[in-house]
Ligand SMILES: NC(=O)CC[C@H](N)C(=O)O
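Starting off, we have a lone chain in the form predicted on its own, written out as structure tokens.
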Amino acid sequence: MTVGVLALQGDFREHADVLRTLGADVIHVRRPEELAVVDGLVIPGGESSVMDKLARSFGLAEPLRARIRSGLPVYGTCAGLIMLADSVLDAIVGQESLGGLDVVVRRNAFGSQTQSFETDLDIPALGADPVHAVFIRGPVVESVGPAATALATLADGRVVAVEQGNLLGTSFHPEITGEHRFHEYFLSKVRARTLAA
């Protein structure tokens, strides 16, 4: 099982470290030929508008869309969630997402870097213990379409984790807190698809 981490920009190294700790073979994905060999992909946090521009510049945007449509398991955190959303509010002019998740997200919904925060979330799909979540200029899911499912909400009801088939997205950064359950959950999707192939 080979898992790629989109390594154009952002905290891709942290995701790669977590995935290796969990036993996955990991490669950094920067070119279409690297994307072609992975069984799953993580799109890290970072700056979604820069990631979008680089994906198009490196010839990765269309291959990414095609792999997502074909059922590739993909986990997006923060900017990665923005990249997976079908619709993005407050995008910069010309910004595109890859799509796949039937959600509308709002970029930088929690304000500036200085308004970053941490909280514990109840996420029944991951077990009884709460998930400690770190939000750094993260997006929020403004609406969840019928094809997607909300996995976690803040106390005020805003959705911050979603899934749809083999796609998973979080507004927060489990890769920097030592919280591995989302990565484990993602790897279970990769394993199931690999075994079914």
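Source: prediction; values computed, not measured. Residue numbers run from 1 along the displayed sequence.
Omitted here: the form predicted in complex with the named molecule. The next part is about that form.
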item: Any non-hydrogen atom of residue 148 within 4.5 angstroms of the named molecule in the predicted complex; value: no
item: 4.5 Å heavy atom contact, residue 63 to the named molecule in the predicted complex; value: no
item: 4.5 Å heavy atom contact, residue 163 to the named molecule in the predicted complex; value: no
item: Contact test in the predicted complex: residue 98 vs the named molecule, heavy atoms, 4.5 Å; value: no
item: In the predicted complex, segment of 23-31, 131-139, 148-156, 65-73 with a heavy atom within 4.5 Å of the named molecule; value: 131-139
item: Residues within 4.5 Å of the named molecule in the predicted complex, restricted to 159-184 and counted by heavy atom; value: 173
